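Taking the form predicted on its own, here's one chain by itself in structure tokens.
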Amino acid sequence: MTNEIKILSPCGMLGYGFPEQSFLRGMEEQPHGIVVDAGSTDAGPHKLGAGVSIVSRRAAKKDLTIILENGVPKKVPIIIGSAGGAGARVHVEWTLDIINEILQEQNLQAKIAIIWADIPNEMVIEANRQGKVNPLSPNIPALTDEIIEQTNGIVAQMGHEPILEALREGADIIVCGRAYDPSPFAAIGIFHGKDPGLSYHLGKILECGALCAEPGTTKDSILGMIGDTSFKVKSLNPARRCTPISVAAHTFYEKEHPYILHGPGFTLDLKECEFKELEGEIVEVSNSKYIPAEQHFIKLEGARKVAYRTFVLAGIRDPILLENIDDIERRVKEQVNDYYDEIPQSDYDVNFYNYGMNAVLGNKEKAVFSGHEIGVMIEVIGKDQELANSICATARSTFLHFAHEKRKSTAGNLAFPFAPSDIEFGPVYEFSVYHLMEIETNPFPIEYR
């Protein structure tokens, strides 16, 4: 058994980019694995519902070229988690297409393992009927057959188990569908016999690249090292450094509890963790505890199309209008509703976002507005694209010429930065499935190419 296992994390998201020199410093450390996360639900359900990637193909290929041309010849296992952004079949195939193109261009040969994360709707319906599907939180409604049937594909977050199997089969490149973010990293440590608690905690730190360093960023490389009783983290860029505070702070990142972290089939207890600074700006972490769950649950994610969106952006610099903006926007919406009184108001919605005033917090904003201009976005959600386009055009023209009290300029209330002003966005998706499903057998098939 190797005493210390090294894992190279190029960046926090495949396609975000990273300094090649940082990555090469990591390769000089002779890592036992190169692992990069490629997905997230941070951007909402659109990527999953529409079957598109978070990053551009150009950016993904640029990152993958550096990773593959350095890792494959040295036989360093390469693992990609949540391929293509959302980890469904279409996203995985998109990633595989790029990988195959690079391998051909670089004249490289590799054994590729693909771990699919797509869960058939029928399986979820059956599990739901058996009471094996639960909402992830109290605010999420229970599933129905109708909701599941309307969902445009469902994926599940895999743990380390199928990735471990692919490593044991000698895969050079492992392309995972939707994965629990730390799992691809944890699989390397567990494969080499390291403690799963340390392996998963390190995975939690490495998944976002150098975000655990100071200054933190997802666009740089980081190195993790797992021993028998602790793991270590160090920056690969001299412009950044890891500190006990920066690494401990990232332990808290995106967690609902300060020291309890739930994953597929386990709980990570970090209550007794210690963070120590070692020579060379290396941080050592110990006492991470892995507690297997009595029941194995996996997180399901699914999206369904619910509407269509059109929006328009404009600027307002009229102090008289700004003084009464909330009332004027309310009256604009009423006038639009009155004009289209033959259309049920349940078929569309008009929303105003006043950037520079209260667009982020809305009515929770406590600060008193004191600026001289704002940007306003008029968003219309409609049951079809034609309706969204029509309502948005009417809302925009109504607002543009709205005759509010004390108005001095009759040329128009809004300044448009470009033409055409109205932007047809397309389908709107929602997370229709965001639940936990109990499993007894492995639902993640592996294909080798």
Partner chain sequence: METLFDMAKVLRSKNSGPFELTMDILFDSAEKYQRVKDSNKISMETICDLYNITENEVRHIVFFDPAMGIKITILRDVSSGTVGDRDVYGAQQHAPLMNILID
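What you see is a predicted model; the values in this text were computed from it and never measured. Positions refer to the first chain, counted from 1.
Below, we refer to the form predicted together with the partner chain, which is not included among the displayed structures.
S.K.: Taking P45, V306 and L361 as a possible spot, do all three reach the partner chain in the predicted complex with a heavy atom inside 4.5 Å?
M.R.: All of them do, each having a heavy atom within 4.5 Å of the partner.
S.K.: Quick one: which of 129 to 137, 104 to 112, 77 to 85, 311 to 319 gets within 4.5 Å of the partner chain in the predicted complex, going by heavy atoms?
M.R.: Only one stretch passes the 4.5 Å heavy-atom test: 129 to 137.
S.K.: For V428, is any heavy atom within 4.5 Å of the partner chain in the predicted complex, or not?
M.R.: Yes, contact at 4.5 Å.
S.K.: Even though the partner isn't displayed, in the predicted complex is E214 close enough to the partner chain, meaning a heavy atom within 4.5 Å?
M.R.: It does: once the partner chain is placed as it appears in the predicted complex, E214 has a heavy atom within 4.5 Å of it.
S.K.: Applying a 4.5 Å heavy atom distance criterion, does I381 contact the partner chain in the predicted complex?
M.R.: Looking in the predicted complex, residue contacts with the partner chain include I381, since a heavy atom lies within 4.5 Å.
S.K.: With the cut-off set at 4.5 Å between non-hydrogen atoms, does L270 touch the partner chain in the predicted complex?
M.R.: Yes, L270 lies within 4.5 Å of the partner chain in the predicted complex.
S.K.: Heavy atom within 4.5 Å of the partner chain in the predicted complex: which of Y290, W94, Y353, Y340?
M.R.: Result of the distance check: Y353.
S.K.: Taking the partner chain in the predicted complex as the reference, which of A248, I325, I282, I374 has a non-hydrogen atom within 4.5 Å?
M.R.: Filtering the options by heavy-atom distance leaves A248.
S.K.: Could you pull out the residues of 229 to 265 that have any heavy atom within 4.5 Å of the partner chain in the predicted complex?
M.R.: Contacting residues: I245, A248, A249, F252, Y253, E254, K255, E256, H257, P258, Y259.
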